[in-house]
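This document opens with one chain alone, in structure tokens, the form predicted alone.
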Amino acid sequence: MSPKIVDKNARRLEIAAVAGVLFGKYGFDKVTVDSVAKAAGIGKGTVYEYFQNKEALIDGAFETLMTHMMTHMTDTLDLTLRPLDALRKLTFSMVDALNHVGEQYGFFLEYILMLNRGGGNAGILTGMLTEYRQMVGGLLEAAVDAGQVRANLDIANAAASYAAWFDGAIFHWMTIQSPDLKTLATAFWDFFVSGITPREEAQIA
């Protein structure tokens, strides 16, 4: 019988995803490589085949979470729609993605704190945020060209403000649990559109 072929990239992602869930649920200090191995149904040595140490595992888990979010965004982007319609669809798709993040948001917050203390890999988050802002900025620029958005809009700062809203929204949602993210997103979208569009477009959107 020929040996079973293992998709190493898929296995690495599986291990990182399991680690992310555990880090989010129990915190960095309480999670060990051994506990990740047990949760993943593999041996401890297998984890070390893919991650040199716990720090590398933490970075891998965070990168996997960010990659999942970014893939969801790019898969959702529909350039066949009018620019503002495409941005609206992206907004509520992001809400769905954040709903699925669940307790891993605790992991996200812990990783941000670790970055603030000089640990972790800042490039993972920086890369995603830059790509996200560029995606939103591109839609806003197209909306300006289409006459949906006022011509004097500061696109770079509007895109940055749009992206930053999600961080605050999920923090409030995870902390207070009310209202739900979709309700928050609906209110945000009304605020955002009314601020960037001519009056007649804001009423139509």
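One-based numbering along the sequence shown. Values in this document were obtained by computation on a predicted structure and should not be read as measured data.
As for the form predicted in complex with another copy of the chain, it is not shown, yet the points below apply to it.
Contact annotation: Leu79 falls outside 4.5 Å of another copy of the chain in the predicted bound form, judged by heavy atom distances. Another copy of the chain is not shown here, and in the predicted bound form it never comes within 4.5 Å of any heavy atom of Ser35. Taking non-hydrogen atoms only, Ala151 never approaches another copy of the chain to within 4.5 angstroms in the predicted bound form. Not displayed here, another copy of the chain is approached by Leu125 to within 4.5 Å at the level of heavy atoms in the predicted bound form.
For the candidate spot formed by Gly106, Ala169 and Ile176, every residue has a non-hydrogen atom within 4.5 angstroms of another copy of the chain in the predicted bound form. Residues Phe23, Gly24, Lys25, Tyr26, Gly27, Asp29, Lys30 are the members of 19-34 with a non-hydrogen atom no more than 4.5 angstroms from another copy of the chain in the predicted bound form.
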